[in-house]
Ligand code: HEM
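Below, in structure tokens: the form predicted on its own, a single chain.
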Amino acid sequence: MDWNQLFFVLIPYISVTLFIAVTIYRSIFRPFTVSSLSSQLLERKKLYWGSVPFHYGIVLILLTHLLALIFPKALLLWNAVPIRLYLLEISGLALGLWALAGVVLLIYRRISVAYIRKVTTPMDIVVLLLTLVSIITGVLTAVGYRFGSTWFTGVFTPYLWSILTLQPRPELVAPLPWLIQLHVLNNFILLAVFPFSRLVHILTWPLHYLFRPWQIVIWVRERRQLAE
């Protein structure tokens, strides 16, 4: 087995298997562990300014990737007009930088706030660092290898479908620059770690977490409310 087989065949299948199996196991047999373990009570300001750009930036970027995977021809049709291609590329880069600012602030919050450090687990650090690497390599790819929304459909769409259909084609990824390969490999590792972390809570009802407060806390209740 060569490195391409290891990185782009074996590790992806291990990651997908762990993601599905552990997520189902936690949801069925350990449902009370599926929680975001909110730390809002310990610190709010940095959480808000880090979490908002991180969550919205990441979600929109992932939706774009999903669009390229499911509707590659529609994406190519959109990019056929130069102004639309530039608009998509600039928007993707801006979202990447927005998400990067958010995750950097979240990491700083974990390090700088004493109360947050005490409730931070090793898995929290692992997830944040993997996410940081993923975003940085994604941004650098967008800057150094432009028009990714177009070449993604010719390289990664068939590669990912080959993994999902159990007919892996690592030769599609093998010629790519090391930066892009690192981005792909890091995302598969993040996928494997995902079900072991607090991130698994977003699968319970993903859209709900985009619009609700992190945690609703009632500090003081008026007597009239208590009487009711």
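So that there is no doubt, residue numbering starts at 1 and follows the sequence shown. What you are looking at is a predicted structure, and each value in this text was computed from that prediction instead of being measured.
There is another form of the same protein, the form predicted in complex with this ligand; it is not shown, and what comes next is about it.
Exercise for review: Answer yes if any heavy atom of W78 is within 4.5 Å of a heavy atom of this ligand in the model of the complex; otherwise answer no.
Suggested key: Output for W78 is no: heavy atoms all beyond 4.5 Å of this ligand.
Practice item. Classify T120 as contacting or not contacting this ligand in the model of the complex by the rule of any non-hydrogen atom within 4.5 angstroms, answering yes or no. Key: Output for T120 is no: heavy atoms all beyond 4.5 Å of this ligand.
Exercise for review: May I ask you to check whether G92 falls inside a 4.5 Å heavy atom distance of this ligand in the model of the complex?
Suggested key: Answer yes; at least one heavy atom of G92 falls within 4.5 Å of this ligand in the model of the complex.
Exercise for review: Mark G102 yes when one of its heavy atoms lies within 4.5 Å of a heavy atom of this ligand in the model of the complex, and no otherwise.
Suggested key: It does not: once this ligand is placed as it appears in the model of the complex, G102 has no heavy atom within 4.5 Å of it.
Review point. Any idea which of 184-192, 161-169, 24-32, 43-51 reaches within 4.5 Å of this ligand in the model of the complex, heavy atoms considered?
Key: Selected stretch: 184-192.
Practice item. Could you check which residue among A174, L179, L62, I70 gets a heavy atom within 4.5 Å of this ligand in the model of the complex? Key: Only one option qualifies, and that one is L62.
Practice item. Taking this ligand as it sits in the model of the complex, which residues of 150-178 have a non-hydrogen atom within 4.5 Å of it? Please list them. Key: Result: W151, F152, F156, L160.
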